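A single chain, nothing else alongside it, follows as structure tokens in the form predicted on its own.
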């Protein structure tokens, strides 16, 4: 009897042990079969150029739609803010129409994303569907207050036979730190050095001109043009559609060869062809006022301003992946994007230089 009881006790203990083991195996199986954790989402922020902003608005939904682990936001703050935000680490990408100055902090990159242009626009009733001829010297005269009326002899000389109106000119300039101001004042410095003495920069001390107006962003420039008859302003080409919808005209500019040229795909590419081969490894170069006979004189690289050192390997990889996509002909440099903002794609040599810079981001 005692032996039977002992055998029964042992059997119960073995069954209990086996049950626990099986339960453990079931638990392990459940853990092994559990779903993997979702990939961490990386948030990227861009601020800067109002000229580049419309392109970012086209890029973002397309890119984030195919890269679900990335969120990307953009803000039109002006190139000056975009540069400083990238330098102090507030954002991962600063956008700028201007390349970095020589005294920029070490470890900063300026990476071309596309080629754009700038237009000289005006609101002169009766002439807004036509293209008046303007030169750097005349425009410098307007912005220094030496030329004050649209029927001035200097403007009439460039437009023979055109019945120009006796209308006061209202020069408009940017109030914010702006890559467009950098481009515009660089054009005046190169094309009319004897007339334009303030030199160039994203922010300058504007000559005092009675009746002049300041505005923020390219959108603000277009609004100010529409509100002021007789006004003239420098506006990035990505705002061409918005401006023409408001009945604003734009000029044919005199290039270095003495031809008056409109900003078309052909004339922008002609300007680029004469200068992009000179692009250095750091890609800081002016594409303004080149030698081509049919070249439009105010074009530029649109830059991403990025620190080589990002906050984490994950963020660095996300920045590299996005920028590589942005400069690719099958990605952000596709005509389906660029044509909507009147930009031109990067030449193959510039793409190679940009790829080398992007690879430095860690």
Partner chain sequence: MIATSGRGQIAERVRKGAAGPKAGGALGVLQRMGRVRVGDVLLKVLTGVVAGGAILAMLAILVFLLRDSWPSIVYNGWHFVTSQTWNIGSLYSTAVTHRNGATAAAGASFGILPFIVGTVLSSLIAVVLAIPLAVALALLLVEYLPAKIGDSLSFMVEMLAGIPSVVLGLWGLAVLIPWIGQSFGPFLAHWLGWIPIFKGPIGSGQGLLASGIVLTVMIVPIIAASTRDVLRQTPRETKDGALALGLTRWEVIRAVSLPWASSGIFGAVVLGLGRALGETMAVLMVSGNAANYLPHNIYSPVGTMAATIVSFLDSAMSDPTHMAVHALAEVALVLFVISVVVNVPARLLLSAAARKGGVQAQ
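In this text the structure is predicted, and so the values were computed from the model without any measurement. Each form is matched to the other, and the largest set of C-alpha atoms that superpose within 1.5 Å is called the rigid core. Positions refer to the first chain, counted from 1.
There is another form of the same protein, the form predicted together with its partner chain; it is not shown, and what comes next is about it.
Although the partner is absent from this view, residue 258 stays clear of its partner chain in the predicted bound form, with no non-hydrogen atom inside 4.5 angstroms.
Taking non-hydrogen atoms only, residue 127 never approaches its partner chain to within 4.5 angstroms in the predicted bound form. The closest non-hydrogen atom of residue 79 lies within 4.5 Å of its partner chain in the predicted bound form. In the predicted bound form, its partner chain sits beyond 4.5 Å of every heavy atom of residue 235.
For the residues 241, 71, 264, 227, the 4.5 Å heavy atom test against its partner chain in the predicted bound form is passed only by 227.
For the residues 163, 101, 107, 193, the 4.5 Å heavy atom test against its partner chain in the predicted bound form is passed only by 101. Residues placing heavy atoms within 4.5 Å of its partner chain in the predicted bound form fall in a single listed stretch, namely 203 to 211, out of 150 to 158, 131 to 139, 264 to 272, 203 to 211. If you take 175 to 189 and check each residue for a heavy atom within 4.5 Å of its partner chain in the predicted bound form, you get 175, 176, 177, 182, in sequence order. Once the rigid core is used as the reference frame, the Cα position of residue 75 differs between the shown form and the other one by 2 Å or more.
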